[in-house]
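The chain below stands alone and is given in structure tokens; this is the form predicted on its own.
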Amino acid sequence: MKERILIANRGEIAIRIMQACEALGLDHVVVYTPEDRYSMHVRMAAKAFQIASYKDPNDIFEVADHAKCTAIHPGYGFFSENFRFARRAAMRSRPVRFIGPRWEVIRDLGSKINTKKVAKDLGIPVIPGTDRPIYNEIEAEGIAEWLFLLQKEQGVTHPSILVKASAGGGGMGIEEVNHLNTFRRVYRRIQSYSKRQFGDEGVLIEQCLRDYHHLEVQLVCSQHSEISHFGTRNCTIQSTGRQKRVEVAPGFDPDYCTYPFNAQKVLERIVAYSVKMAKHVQYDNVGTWEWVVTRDGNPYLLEVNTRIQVENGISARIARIKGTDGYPNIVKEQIRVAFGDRLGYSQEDISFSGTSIELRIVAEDARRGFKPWCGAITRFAPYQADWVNVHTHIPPDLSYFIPTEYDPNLALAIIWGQNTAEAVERAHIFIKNTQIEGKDSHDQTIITNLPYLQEKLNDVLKF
């Protein structure tokens, strides 16, 4: 029986999964909500099924059964890191393959507490603090005191710590403490919040890092204990809501700017640490190890994303696999290994060339706290060149109303240059020559983050 994949996502990632399926000769179907009926991912699909919500597992599995799908690709967001969904896919009376790591791996690495504990056991550096929930106020204050003393020894000018609800996520239940004498009050407040919101009053305490870069390591692993990495990327330029806006691969470039540490050694360290942890947990699909690197060159593991990421394309764009044409497609690799294929290459077969930049084009007002813009796009004409790839779900031939139910992401532009300076120059050219027109319900002109992206390009990779 021919494999058939249900694409349980929307927008540009649904289109990229669709294209990967076609390259592999696999059937696919898509789902969509009423708000997305004009999206290009629906118009391009051979078969599309309307559902009430991308977040309803019953809707997803009902379509999978009706369309006789053998696998589900969750994309990113929604069910991509939901181990219960992955477990249900594997254990139901009519199993379907979940395209991602084993559900046990998603469960174990989905917990930041457990990830931190595993990392510490392996000698991998993590941000100083607790690796388990703290319920006792006296113990908590002792940990806080130790963290303040540690920062004093490090020469931190304005030491602070973060108090977090251990069951929280997405920035919920986090407060910063700047003085030990205010710790107990904040601890009690977070503990009360955590119990009220999550039913668990456990609290995490860790050092607050300020001056750092956010780096990632892209891994592709198979079910045959094969592990390869596709380098590093820098995702430091983010909105106030910690949403990435400009990403660059590789993660540092000492030929483009100077660093107060040996940048190449730091990149080699975080890659080696990421591979070490992947081997330990027997990771078996695509994954991203997220790091922060401080001004003194110290790396700390943040978390592991057990899914494909939006910015996988910039890692692929600078990579070459010996014996193949062009650059790899990491979404395609993810699907292959999920069906049990071997990688077919080793780390020695992977080489890197140039610099790649991803611009996330969003309908938002960066000057007003990245406030989303809502309205209709009447013209979307991204600049075209052989050094840029644009991923978008916006139709080129009709007005597109941005659904208020989802983030107003418009497109991703992946730009390549022979070096960082050329990539930055080309990114400026792309922004300057990209045309986006639209009006809201008050006849006001569309607002996008293109000016913000233009400004931030001057900061890429720099400390």
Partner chain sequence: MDIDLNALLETYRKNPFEDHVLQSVHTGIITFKVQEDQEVHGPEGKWHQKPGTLLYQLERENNIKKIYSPCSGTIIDLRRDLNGSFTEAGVDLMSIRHRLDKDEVIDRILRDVLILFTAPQRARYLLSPEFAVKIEKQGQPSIQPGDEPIIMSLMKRDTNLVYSSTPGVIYKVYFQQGALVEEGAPLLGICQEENLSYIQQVVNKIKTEWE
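Positions refer to the first chain, counted from 1. Predicted model, so just to flag it, every value in this text is computed and none were measured.
The same protein also exists as the form predicted in complex with its partner chain; that form is not shown, yet it is the one meant from here on.
For the chain shown alone, residue 193 is a contact residue for its partner chain in the predicted bound form, at least one non-hydrogen atom being within 4.5 angstroms. Using a 4.5 angstroms threshold between heavy atoms, residue 404 counts as touching its partner chain in the predicted bound form. For residue 421, no non-hydrogen atom is located within 4.5 Å of its partner chain in the predicted bound form, even though that partner is not displayed. Among residues of the shown chain, residue 391 is not one whose heavy atoms approach its partner chain to within 4.5 Å in the predicted bound form. Heavy atoms of every residue among 61, 88 and 408 are located within 4.5 Å of its partner chain in the predicted bound form. Annotated contact segment (heavy atom within 4.5 Å of its partner chain in the predicted bound form): 51 to 59, selected among 51 to 59, 411 to 419, 391 to 399, 427 to 435. Contact with its partner chain in the predicted bound form, defined as a heavy atom within 4.5 Å, holds for exactly one of 370, 256, 261, 327, namely 370. When its partner chain is considered in the predicted bound form, only one residue from 346, 197, 384, 225 comes within 4.5 Å through any heavy atom, namely 197. Residues 441, 442 are the ones in 438 to 463 with at least one heavy atom within 4.5 Å of its partner chain in the predicted bound form, listed in sequence order.
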